Every structure is written in C-alpha cells, then in structure tokens.
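As a starting point, one isolated chain is supplied in structure tokens, in the form predicted on its own.
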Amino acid sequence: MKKKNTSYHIIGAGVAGLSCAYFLKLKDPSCKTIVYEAAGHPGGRCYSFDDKELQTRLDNATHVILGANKYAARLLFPHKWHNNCYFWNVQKDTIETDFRQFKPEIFKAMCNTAADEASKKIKNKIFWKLFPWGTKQRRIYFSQNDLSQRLINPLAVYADELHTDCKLLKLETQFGQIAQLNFNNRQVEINAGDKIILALDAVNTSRFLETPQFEFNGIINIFYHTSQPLSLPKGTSFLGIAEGLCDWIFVHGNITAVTISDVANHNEKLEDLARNIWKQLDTLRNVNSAFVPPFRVIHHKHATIKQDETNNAKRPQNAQTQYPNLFIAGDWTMKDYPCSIEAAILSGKRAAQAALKKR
C-alpha cells in the first residue's frame, strides 16, 4: 500500500507562509503544500496592485532588501542592486556621502522604531550584519512596483494549492490537536500526520492562540505620479533623509515614493502631509513646483510590532505552539531580529523545519 504524502496546511500567503511552502518543498518534494489566504491575492504585506486613480501599478509599500540579508537576496528573482547610499541633511541642506554618520536613521528604517528605543539585541543583530558595510552588504534593492512579479509570484509556485478569499474563522481541536480548520467558505479536516502552519501577523494570530499583547508602529508610504522622472542629487535613485518630514525617497520612472517609519499617532491630515513633503522635495531639487502631482497615501497602522526591549522580550522563542501539529511563522515571531522580509523568510524556514521534524 502506497504511503500517503503528508499535507501541510499554511494559513497566510504572505512572505512567511510562501517561504514556508518553499522550504517544505526543498526538503520534501513529495509533500503537499496547501496555502489559504484571506485576501484576494497572495503577498500579505508585500504585493503590487493597479491603482485606478493614478492609472499605474504600485506596490502596497516600498520594500527594501539589503545584500546582507542573504535569504531575501537569494529569493529575489531577478533583481537590480543599487550600491550608493547618500543622505540629505535637511537642516544643513547638504548631501552626505558617509552613510555611517546616519546609523540612527538606518536603525529606525530597519526596526520601524526610533534607534534610542529599539532593543539592544536587535540593534546588535543589525550592526554585526551591516557595519562596517562591505560592497556586498551595502547593496540595496528597493521594490519598483514589482513586488508581486519579482518576489511573491515566484514563491507562490511552491504552493500545490493556493486558495484566496479564504479567511480562517476557527480552529477546531480534538485530543489536544488541531482537527479541523473552519474558513468562511469551507471546512478542512486535518488528517493524522498532517501539519498546520499559522503564518499570520501578531494581531490575527492572537485571534486563535494565546499570544502576548504587542504595541505596534505604523508606516506611511506616499506615491507621487509625476509627468517625468524626478532627478535626485548625484544621479541616485534613492536618498535617505535626516531631520526631514519623511525618511526615504525612491524614484522609479514616473513614480516618486517616500516612506515615513515609526509612525505611532499621526495627527496631521495625510493629504496635507503629502503636500508639505512635496514642498520639501522642491527645496531638495531647488525648484518651485506650480502644483503637487497626483499622489496616493497608504498608511499601514500596524505595519510591525514596536521593536523595543519590552515587545522584543514577548516574542516567541521558536515555532512551537501548545498544539503538536500547529506551528507559527511571521516576522514578529523571530525574537532579536528586526521585522523585515528577511525575518519573515527565516520564520518560514524555522516553521518548516519544526513541522518536518515533528512528522
């Protein structure tokens, strides 16, 4: 009698969930990977979409991957690296080429938490990966309205089945294990030997498991659709900002994107913020625009957990849960790591290893 292949039910088709499918297939090509996603598309917090108002394709946020993040760099299919990192000091109105004097800005970008508040262990992890930057480590890739095409779609092929618009409502248990998954549009019986990976963010995971309560920091992304590509100093396509209204500027074709990290409570109207940032960009370029180009503001209020000492201490030690056939993944689960695409991939790898070991 032929042995039945193990099925792995992965809840969440973000980077963590799809990476889990990838690592499962890497170790056991005969296994069956079934991925369920509540949204109408895979990607989680990393995807591209067609914006009807701006009439162009956008990423839901500008995501940055460093050459030092070896797993994320390896899974980028094909990619373009940028090697020069400059900063505009708004108060001095100078372009600085020595990025090492802007460590607080870099830590903030990577932790989505102010450098003086970020966990020491997370900062140490970043420091030893990045400083002093070698040529390979300081290579930077930023998404250019192509997240789905370059990262998500290539990972999604490792799902034998991908069910979108499939929201998990309840985990049914029996004899101390997960016995059934109840979705909005189906019920899935879990067979003996099968495994479940819950690859959701911290908020949604807490709906099903007893997890710690975290504080969160938001991220604001603004996309301007210009009539022609903006020219940044030194011919670069991205620029760090110190003492400004935003933290980073990215230019790709007719889209200029800016990012503001560590947003807890933002009282200013987002439309006014977008207009004021554009005025600051005018100062950078030494021009006086007649009008602000069409723009789209995307505010991710729960972009990441706040990565200070208190919240980092609450993060899980491993992928295990109280149920022997249920494991967790997600960037928030990787204690001492900054919440990032790299951490999400590593969490998928860790959950896959744990599930395979328990088989």
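A quick note: this is a predicted structure, and the numbers were derived from the prediction, not measured. Numbers for residues come from their place in the sequence shown, where the first is 1.
Beyond the structure shown, there is the form predicted in complex with a small molecule, which is absent from this document and is the topic of what follows.
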The small molecule in the predicted complex: contacted by all of E105, I122 and I126, heavy atom 4.5 Å: no
Contact label in the predicted complex: T226 to the small molecule, heavy atom within 4.5 Å: no
The small molecule contact at D59 in the predicted complex, heavy atom, 4.5 Å: no
K27 within 4.5 Å of the small molecule in the predicted complex, heavy atoms: no
Any non-hydrogen atom of F208 within 4.5 angstroms of the small molecule in the predicted complex: yes
The small molecule: the contacting residue among C111, L200, L155, A257 in the predicted complex [heavy atom, 4.5 Å]: L200
Contact residue in the predicted complex, chosen from R296, K32, H300, K70 - any heavy atom within 4.5 Å of the small molecule: H300
Interface stretch in the predicted complex with the small molecule - options 49 to 57, 286 to 294, 62 to 70, 315 to 323, non-hydrogen atom within 4.5 Å: 62 to 70
